[in-house]
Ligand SMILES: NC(=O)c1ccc[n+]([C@@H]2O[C@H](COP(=O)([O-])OP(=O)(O)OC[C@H]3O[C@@H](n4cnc5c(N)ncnc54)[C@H](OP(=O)(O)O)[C@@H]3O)[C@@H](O)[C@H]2O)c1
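Next comes just one chain, in structure tokens: the form predicted alone.
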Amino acid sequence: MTRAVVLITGASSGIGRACAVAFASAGYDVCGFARNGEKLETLGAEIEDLPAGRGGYLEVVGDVRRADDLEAAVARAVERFGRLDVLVANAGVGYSGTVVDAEWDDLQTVIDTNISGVLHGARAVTPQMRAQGGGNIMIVSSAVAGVHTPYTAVYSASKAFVSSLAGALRLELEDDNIAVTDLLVGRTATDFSANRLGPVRKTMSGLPTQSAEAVAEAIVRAARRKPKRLAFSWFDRLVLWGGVLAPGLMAREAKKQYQPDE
């Protein structure tokens, strides 16, 4: 029988890497997409060592900021596995620092990766999903998508964009039997914060943190259920509701946490 096939962007590290292992363990064929070829090779070796019943693996080196790279990844995945059922649009980058004093190249990188990268991914997979009768686009957003976060404003604004995109895209594609899921991920134990762009290295402390593996397992389950939105923990849901019911308080608390030390 033909396996379900998933394309994961940002698969070389963090949540994307954990998703690749979790989907392969669940029997999906996995196309791992990222810029770092060496890390993709290491990921492939880990998937090869999984128990019997695992899915296959294809690595594709590319950059989500380039539409041609994602179109090529879709073509290669379909050539290798015969179909494409799920996109996990995971690739993203953070920024910490003020908006007006930021290096424009840093802000452009966040915009091009977090926003354009998701748009390129969705546009690349949709023709194949339409042709085969359906699919599932899963967009990795953030629990802070609805929160004003001083000193990480461009990052949270980029996640507000893709969450809004997910809701609209879901309605545009429903007649094509293509589901769209908004994945509202909260604090996760990865290297994401350490790799943020910008001059500020300060991170919110003392907050509940989940493992990348736990997030990945929840995403695999969601790929089967196809919910409209998914929050991953009670704390993520608290942040989401806080942004709705007490936006000023949430913004002030975020400012206290992220404001650079004098």
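All residue numbers are counted from 1 along the displayed sequence. For clarity, every value in this text was computed on a predicted model and none was experimentally measured.
There is another form of the same protein, the form predicted together with the ligand; it is not shown, and what comes next is about it.
J.: Look at the candidate spot formed by Ser12, Arg65 and Val185 and say whether the ligand comes within 4.5 Å of a heavy atom in all three of them in the model of the complex.
T.: Yes, because Ser12, Arg65 and Val185 each have a heavy atom that approaches the ligand to within 4.5 Å in the model of the complex.
J.: Counting only non-hydrogen atoms, which stretch in 71-79, 122-130, 84-92, 163-171 is within 4.5 Å of the ligand in the model of the complex?
T.: Looking at the partner contacts, the answer comes out as 84-92.
J.: Since exactly one of Asp105, Asp101, Asp191, Asp175 fits, which has a heavy atom within 4.5 Å of the ligand in the model of the complex?
T.: Contact residue from the list: Asp191.
J.: Even though the ligand is not shown here, does Tyr151 get within 4.5 Å of it in the model of the complex, heavy atoms only?
T.: Because no heavy atom of Tyr151 falls inside 4.5 Å of the ligand in the model of the complex, the answer is no.
J.: I'd like to check something about Cys31: if you look in the model of the complex, is any of its heavy atoms closer than or equal to 4.5 Å to a heavy atom of the ligand?
T.: It does not: once the ligand is placed as it appears in the model of the complex, Cys31 has no heavy atom within 4.5 Å of it.
J.: Can you work out whether Asn36 and the ligand are in contact in the model of the complex, taking contact to mean some heavy atom pair no more than 4.5 Å apart?
T.: Result yes; Asn36 sits at the interface with the ligand in the model of the complex.
J.: Decide whether Thr113 counts as a contact residue for the ligand in the model of the complex under a heavy atom distance cut-off of 4.5 Å.
T.: Yes - in the model of the complex, heavy atoms of Thr113 and the ligand come within 4.5 Å of each other.
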